[in-house]
Each structure stands twice: as C-alpha cells, then as structure tokens.
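We begin with a single chain expressed as structure tokens, specifically the form predicted alone.
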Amino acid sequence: MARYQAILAYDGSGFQGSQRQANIRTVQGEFEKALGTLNWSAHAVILSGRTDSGVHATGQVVAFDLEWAHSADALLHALNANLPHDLAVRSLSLASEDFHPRFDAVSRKYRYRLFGDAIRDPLREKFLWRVHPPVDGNALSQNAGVFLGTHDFAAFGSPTTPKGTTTRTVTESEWKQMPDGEWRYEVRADAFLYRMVRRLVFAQVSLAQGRLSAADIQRALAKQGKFPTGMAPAQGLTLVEVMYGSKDPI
C-alpha cells in the first residue's frame, strides 16, 4: 500500500462542489468512482480543500492510498481513462505516508476572472463574470493591496469550522488586465474563509463601480460598522495552486 498525491483540474460547471455528497455529482465522488475501477478499497480520498458548486480548479490536490503494481505514470493514465470529460489528473506522484493535502498546506492561490460588457456573451460568461457598468481599472489596481497582511476577515467570509478563527494572512492580492479586456484577480493566503475570495471580489468590484469607498473596505477589515453583503458568482473563480513548502506536489 502506498500513498499518492495528484493534482486535479476540473470545470466546476457540472459539479455540485468538490466534497462528496450523497446522490449529488461532486469532484470527490467522481474521482473515487475512477479509483474504484482500480480496486481501491479505502473509505475516502483527502482533498486540499473544498470548492463550491460551479468553482473550477487547475491545482486541486488530492491524496489517496492504493495497492498499485505499476508506475505512477501508468496510474495517471488509468485514472484519466476512467474520469469524466470535465475532470482530469494533471500530474501524480508517490507521497510520504503521512502527507495530508489540507493540513500540510502553507498557502493557497485563487484566480478570479471578469470582464465588463453591457451585452451578454454566453461563451465568455461560462468562465468569467460579466459586470456592468464597467469597472474603474485604476480603482481595482490601487486598492487590492489593502488586503495584504494579517487581518480579521470576518466581514468577508465564514470560518471553515464551528469554532475556527476568521484571521488570515494574505501574501498576494493583485489585479491584472489582459489584452482582451479581461481582468484577473490573483490572491494567495495561508488559508481562506468559506466564500472569502468571492466576497473580496464583490467588494472590490463594488468599489470600482462607485458603490463602495476604500474607507468602507478599510472599516470592514477593522471590524467597524456594518458591511454590505454580496458575493461574486462562482464561475469566475479557479483554485490555481496549493503549496506545501518542502512537501510541494510535482
């Protein structure tokens, strides 16, 4: 019996989130079905974290134990042969027997994509949030850094456990504009609260559309006064990378 770690990519449009649920199509459920065709008999795989319904990933990490007599490369191809079209193993390797994708992680990185347009664009809107009125790009770029550092993000998300802390340390928070007018927000932290990235994006878009001020966001981080609730839609969000320091996946 050996422990393996794999990096998964998936189009979240057809999944009700990543975590296994009874009678609902999820990333974990489909991955475990594929493992089952290879005589996997454990109770559950371990994911690096949960993604919501409709959220995508290019860097979700999963660990599992399996009796496998062939190479890791052969296992990767065997799994992909049994996975649905919207879920794939991008890389796979042996891991230490105590490797835990969630608890060993030192940082996670997400990307959010949006564009401004008054007219619907069905193909782009599958993976981007269409916003109108358009955003002020300078406001996005100049204010993203307010989230850097260690803050109590209670106004922007919920703890992942009933008694969990809402304090997180953000080490990257940056907007970039692409040549086609798309805006990409990249944010890295030691961990994220439940739906934190989508709420951060919503707040920044509200600021860039003139519906919030920079002072409103700063007061929210300081836990002063009420902050309007709202959340960017799921389809613009992708889990890009999970880092483990000396235990980084391939």
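Just so we're clear, the structure is a prediction, and the values are computed from it rather than from any experiment. Residue numbers here begin at 1 and follow the sequence given.
Omitted here: the form predicted together with another copy of the chain. The next part is about that form.
- Not displayed here, another copy of the chain is kept clear of Thr169 by more than 4.5 Å at the level of heavy atoms in the model of the complex.
- None of the heavy atoms of Arg199 is located within 4.5 Å of another copy of the chain in the model of the complex.
- At a distance threshold of 4.5 angstroms between non-hydrogen atoms, Leu87 is in contact with another copy of the chain in the model of the complex.
- Although the partner is absent from this view, Lys176 stays clear of another copy of the chain in the model of the complex, with no non-hydrogen atom inside 4.5 angstroms.
- Shown without its partner, this chain lists Leu148, Ala72, Leu83, Ala154 as candidates; in the model of the complex, only Leu83 has a non-hydrogen atom within 4.5 angstroms of another copy of the chain.
- Figure note: of the listed segments 36 to 44, 205 to 213, 22 to 30, 53 to 61, the one touching another copy of the chain in the model of the complex, with heavy atoms no more than 4.5 Å away, is 53 to 61.
- Residues Ile119, Arg120, Asp121, Pro122, Leu123, Lys126, Phe127 are the members of 119 to 139 with a non-hydrogen atom no more than 4.5 angstroms from another copy of the chain in the model of the complex.
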